[in-house]
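Only one chain is given next, in structure tokens, and it is the form predicted on its own.
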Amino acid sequence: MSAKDLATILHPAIAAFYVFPLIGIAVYYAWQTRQRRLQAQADGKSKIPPVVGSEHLKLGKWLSASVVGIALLGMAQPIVKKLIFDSQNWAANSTRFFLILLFFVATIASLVMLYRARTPLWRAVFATLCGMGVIIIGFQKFQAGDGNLYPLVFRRDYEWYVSHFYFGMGATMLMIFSLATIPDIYKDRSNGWRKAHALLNCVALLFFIFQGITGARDLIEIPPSWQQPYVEQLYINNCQAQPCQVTPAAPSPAP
């Protein structure tokens, strides 16, 4: 497996063995925390230990950082592939690459400062900067050999409603918002922030489910590096001057 192939599977691999299990654990503790609160309101006590609340808080913070991190990693892979591995693009895009690198640094720094911020104003500032950084990086373009600009990160704009990119952007923005509003949840006696937190994270959970589906689909569509020239030639021969019709190979004769 080449370096390109290893870079391609790094993002889905980390999502599979770390981020998605963390989502499941965080959802479990969220459900336990809610059940404990409802039982305490109804009977004055609950058999669910009070530690579930603090565990949910801790896991939620880990999850928010993990989602932002995995989103940045997923966008870094095509950027490095198109601007570093494809050396013919470097001359026209070297300045663009370093600017994007600065956005990566600024986004990570904003996330770190969001964890450290205490006042609502600074939490809003750093959450906004972090979200803007993710969006700006995701919508960057590069200048190809024909002089035209093309997206660095594949967005599937022609089918945005089933796009892995847009579901990921939505989930990332919700995680940043969730992280920024944690202190408000505990200060609000009317439970308005708590209800908004629960509702928005249910939406985020749906985004994560669609992320799993669309991510698996996209992996099937990305050929390994040794197959890519043949797949591209197949596309050129069959899908350029006519509707795309690829004839499958004839079955091998029976022995």
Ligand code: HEM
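Keep in mind it's a predicted model, so treat the numbers as computed, not measured. All residue numbers are counted from 1 along the displayed sequence.
A second form of this protein, the form predicted together with the ligand, is not displayed here; the remarks below concern that form.
Of the heavy atoms in residue 212, some are within 4.5 Å of the ligand in the predicted bound form.
The closest non-hydrogen atom of residue 75 lies within 4.5 Å of the ligand in the predicted bound form. Using a 4.5 angstroms threshold between heavy atoms, residue 81 counts as touching the ligand in the predicted bound form. Residue 129 falls outside the set of residues with a heavy atom inside 4.5 Å of the ligand in the predicted bound form. Of the candidates 106, 117, 125, 185, 185 is the one whose heavy atoms come within 4.5 Å of the ligand in the predicted bound form; the others do not. Residues from 156 to 181 that approach the ligand in the predicted bound form with a non-hydrogen atom closer than or equal to 4.5 Å are 164, 165, 168, 169, 172, 175, 178, 179, in the order they occur in the chain.
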